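Next up: just one chain, as C-alpha cells, the form predicted on its own.
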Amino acid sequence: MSDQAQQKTAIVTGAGGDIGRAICVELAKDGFAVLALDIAQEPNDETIRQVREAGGKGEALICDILDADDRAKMVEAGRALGAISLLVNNVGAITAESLQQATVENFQQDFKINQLGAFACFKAIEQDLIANKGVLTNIASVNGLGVFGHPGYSAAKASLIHFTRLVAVEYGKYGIRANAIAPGTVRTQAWDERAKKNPQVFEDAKRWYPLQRVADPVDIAKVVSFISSPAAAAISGACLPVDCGLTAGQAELAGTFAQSEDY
C-alpha cells in the first residue's frame, strides 16, 4: 500500500476563520493531511501556512460548498492528499438577529449555508467515508439547543444536530461515526461587529457562563481532535456542548430562585 493511500485526510470547511484554522492546525498535529476549504483565498492560505508551520501537510482550496462543481474539486483534491477519513463541517453564517427582523430569504440563506452545505459535502464524500470507516464531525452551536437569538441560524443548527444523528444511525453499520459539537460564545473575529456596538460584549457575556469565561478557538479544536480520534471510538450520535457551562444553567438565575448567595 502506498504512503498516499495510508495517509488519512481531513476536509475542513470554513477553514479560513478562527475556529476553522485552529481545527486544521490541531488535526495536522494529529497526523491528518488537511484540505482547507474556504471561499476566501487569503485567510485560507494563512491557515495552510500555519498547518505547515506546525509540521503538518495540507492544501488550501477555494470552494463554495453549495456549488456542485466546487464539491467535485473538493473530492479530487482530498483524494490527492490521501484517504478521506474525516469531514469537519465548520462553515457557519448568521443573517437576521430576530424573528421580527427575519424574512423567508433570511431563513433560506441560513439553512443553505449552515445545514444544506454540510449535507452536500457529506454526500460528496459518502463513499470515501464508507470505504475508510471515516468520521463526520459537525460544528453546530448552543443556538441549536436553546434560544439565544439569530433564529434562522439557530433552526439550521438544530437541523444540523439531527442530521448528525441520522448519519450516526444509518451509517453506523459501515463503521462511520458522526458527532456534533455545540460551541457557545467563542472569541473570534466574527464577534467584531458586535464588539463595535458594545466593546464590553465579552465581559457582559461572562455573567451567563458558569466558568466565567468564553471559549477560544483552540478549545473547540481540541474537542474536534478528541471526538474525531480513535479515543472516541464508541461515541457516535452525540452532541457535545463546548460552552463553558452555559447550557447547564445560569448561576445568577439559580441564585434568584433558591434565594441563596452560594450561586
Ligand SMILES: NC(=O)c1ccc[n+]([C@@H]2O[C@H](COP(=O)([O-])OP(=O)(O)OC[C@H]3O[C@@H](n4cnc5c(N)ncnc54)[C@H](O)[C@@H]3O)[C@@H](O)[C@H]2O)c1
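Don't overthink the numbering: it's just position in the shown sequence, from 1. Quantities reported herein were computed from a predicted structural model and do not represent experimental measurements.
This protein has a second form, the form predicted together with this ligand, left out of what is shown; the following refers to that one.
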Among Phe148, Ile161 and Leu246, does every residue place a heavy atom within 4.5 Å of this ligand in the predicted bound form? no
Looking at 179 to 187, 80 to 88, 128 to 136, 100 to 108, which stretch has residues with any non-hydrogen atom within 4.5 Å of this ligand in the predicted bound form? 179 to 187
So, Gln115 and this ligand: in the predicted bound form, are they within 4.5 Å at any heavy atom pair? no
Any non-hydrogen atom of Ile39 within 4.5 angstroms of this ligand in the predicted bound form: yes
Is Ile19 part of the interface with this ligand in the predicted bound form - any heavy atom within 4.5 Å? yes
Would you classify Ala156 as touching this ligand in the predicted bound form, given a 4.5 Å non-hydrogen atom cut-off? no
The listed residue (Ala33, Val223, Cys63, Ile48) that reaches within 4.5 Å of this ligand in the predicted bound form by any heavy atom is Cys63
At 4.5 Å, heavy atom to heavy atom, what parts of 219 to 246 sit next to this ligand in the predicted bound form? List them in sequence order, or say none. none
